[in-house]
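To begin, one chain is listed below as structure tokens, in the form predicted on its own.
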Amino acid sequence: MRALNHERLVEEFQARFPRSGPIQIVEAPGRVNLLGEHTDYNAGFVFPMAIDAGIQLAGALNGTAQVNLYSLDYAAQESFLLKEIVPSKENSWANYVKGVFREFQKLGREPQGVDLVITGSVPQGAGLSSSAALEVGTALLLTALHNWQLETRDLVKLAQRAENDFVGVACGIMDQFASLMGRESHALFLDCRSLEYAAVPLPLAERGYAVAVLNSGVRRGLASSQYNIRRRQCEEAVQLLQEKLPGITSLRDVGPEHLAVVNQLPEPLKRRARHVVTENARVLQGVAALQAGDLEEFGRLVSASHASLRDDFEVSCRELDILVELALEVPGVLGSRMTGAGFGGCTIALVPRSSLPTFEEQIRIEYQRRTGLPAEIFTFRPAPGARLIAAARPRS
């Protein structure tokens, strides 16, 4: 994982918490979703990859009933008693950690007091799932510190519940799953209903392509955005569709063959449902294209996903649309779309490595000219999921 300095993290921890016990270190990656947006909470299909940027945590038991958190990136601290876990208004980042503690308590576990230092290399609010990485990293760290034995999928579900129930964002399970289960050089094809998954090789690097991520600079807070509204609209669409398609329980059960029925729904439910139905189909087609080595078809599906997110699901914005348009104007780019929940954040583009200097220069100049905003551009590799690093010895 890039920009990772375990020694500095341990030094910062020991300087701030000199009397803590043995230190455990965890790193958890962010993710980029290649295809399958807003399908996860509809029990559908997604196709994310973990990225080589994420969250790093150093933690140790402190022998008290209090948890002490410090964020290096925010230069902010937060403390709370284990018997009084309530959301923080001042440090919203701390709520993702608090939610994980609370979920362990609800399982009947009794976490002890912990000192914890956090840093990261994922752009905040950019749609690269820094929040899921923080939840997953915290869950993995606590299991290590307490020697708990939990199934990997149970940790994924716990991290998701922390965001749903404590933070108040009705996210699906994709982000937490990708952060914990990612695999180097692969993307994950995930069935969000059964949680069955397959690691699918990504032949992009060997074919001379890179996954470029373009940060629009438009921040979006999911809890206050229209994310939860979109989820409710999908549920309303299912209720209406059940009249003509008895037996369905989610939009996952509605296929492209049912689009004539979907198109009879009232606005905007018609377009919301149409996006989910066609997006699920695009994931299946995209995985098949990669397995067949057809990168051009995969890129076409990526661009079609953006058009659907923009027009039918209406979660794009002017800045994201401009980034996609500019990317597709560069010769050799296979496809581009927004990634993440939308309303800001990032886009992705499949770019020939030989064209990256031209791509970056054109995007930066034109995006600044058209929006007045700087565009951050990254290239990421598919990375392994969250893992423990060798424990550090406390300073004597």
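Residue numbers run from 1 along the displayed sequence. Note that this is a predicted model, so its numbers are computed, not measured.
Omitted here: the form predicted in complex with alpha-D-galactopyranose. The next part is about that form.
- The closest non-hydrogen atom of E27 lies beyond 4.5 Å of alpha-D-galactopyranose in the predicted bound form.
- Looking at Y227, you'd find a heavy atom of it within 4.5 angstroms of alpha-D-galactopyranose in the predicted bound form.
- Although the partner is absent here, G340 lies within 4.5 Å of alpha-D-galactopyranose in the predicted bound form, judged by heavy atoms.
- Although the partner is absent from this view, D52 stays clear of alpha-D-galactopyranose in the predicted bound form, with no non-hydrogen atom inside 4.5 angstroms.
- Of the candidate stretches 40-48, 361-369, 324-332, 56-64, only 40-48 contains residues with a heavy atom within 4.5 Å of alpha-D-galactopyranose in the predicted bound form.
- This chain is displayed alone, yet in the predicted bound form one of L188, V100, M174, V122 has a heavy atom within 4.5 Å of alpha-D-galactopyranose; that residue is M174.
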